[in-house]
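In structure tokens, one chain follows: the form predicted on its own.
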């Protein structure tokens, strides 16, 4: 059964700072995804990434993943992701960047009006009916107000990357509306790449193993789980990984670290 948005709850939660079902979505990511996506295996049939601003699945596809499943606790993240896929298929490179900038400015404005953004009418016609109705009903709410300005962020795809994405991405990504704690219950396949961006900053240390170990069971040999941008001061370091997580998987995984990334690779 398709998810049915609660407009009343959305109008309240979109203004709250902590993450919830209707958290305002980032228009573009504040991460350099080209670093983490370099860890996508050369052969990557299936990947699993957070939807976030929609840039994560797009860059995952760009770096070689053939099929990408997405998840997020926020419904607005799905809407932003689907907007980008629709935009890819109906506007040129310059218009794409300007559209995202205009959307960002509109949602940051004191007088939000999403449906007045140039090209939004065209985009809404390409979205699933429920999403289009939701955005029209909440067009005066800052559904997409987080993150940096798209034009000055430096994280938009290059012209060459944009052309490649337009050829490769022709339909919306599969999506699970869930947080990390229940993600494993939605999974019916194994993956070659799992990207968990900025998630472990927001969960307690005692739950790290409980959240990671089920996902590790869904990783193919040679596959990788990349955890990005959590603070080393939270205690989630190499010693913790080896003591609490790697000790439970019978030498099937190795751990690598690269600045803000922890990479769990399944070796057998």
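Everything numeric in this text was worked out from a predicted model, so none of it was measured. Positions refer to the first chain, counted from 1.
Not pictured, yet referred to below: the form predicted in complex with a small molecule.
Taking a 4.5 Å heavy atom cutoff to the small molecule in the model of the complex, the contact residue among 220, 30, 45, 207 is 30. A heavy atom within 4.5 Å of the small molecule in the model of the complex is found for exactly one of 68, 215, 199, 62: 199. Screening 163-171, 91-99, 130-138, 72-80 for residues having heavy atoms within 4.5 Å of the small molecule in the model of the complex returns a single hit, 72-80.
A residue is said to contact a partner when one of its heavy atoms sits within 4.5 Å of a partner heavy atom; residue 260 fails this definition for the small molecule in the model of the complex, lying far away. The small molecule in the model of the complex comes within 4.5 Å of no heavy atom belonging to residue 157.
The small molecule is not shown here, but in the model of the complex it comes within 4.5 Å of a heavy atom of residue 52.
Using a 4.5 Å cutoff between non-hydrogen atoms, residue 178 counts as a contact of the small molecule in the model of the complex.
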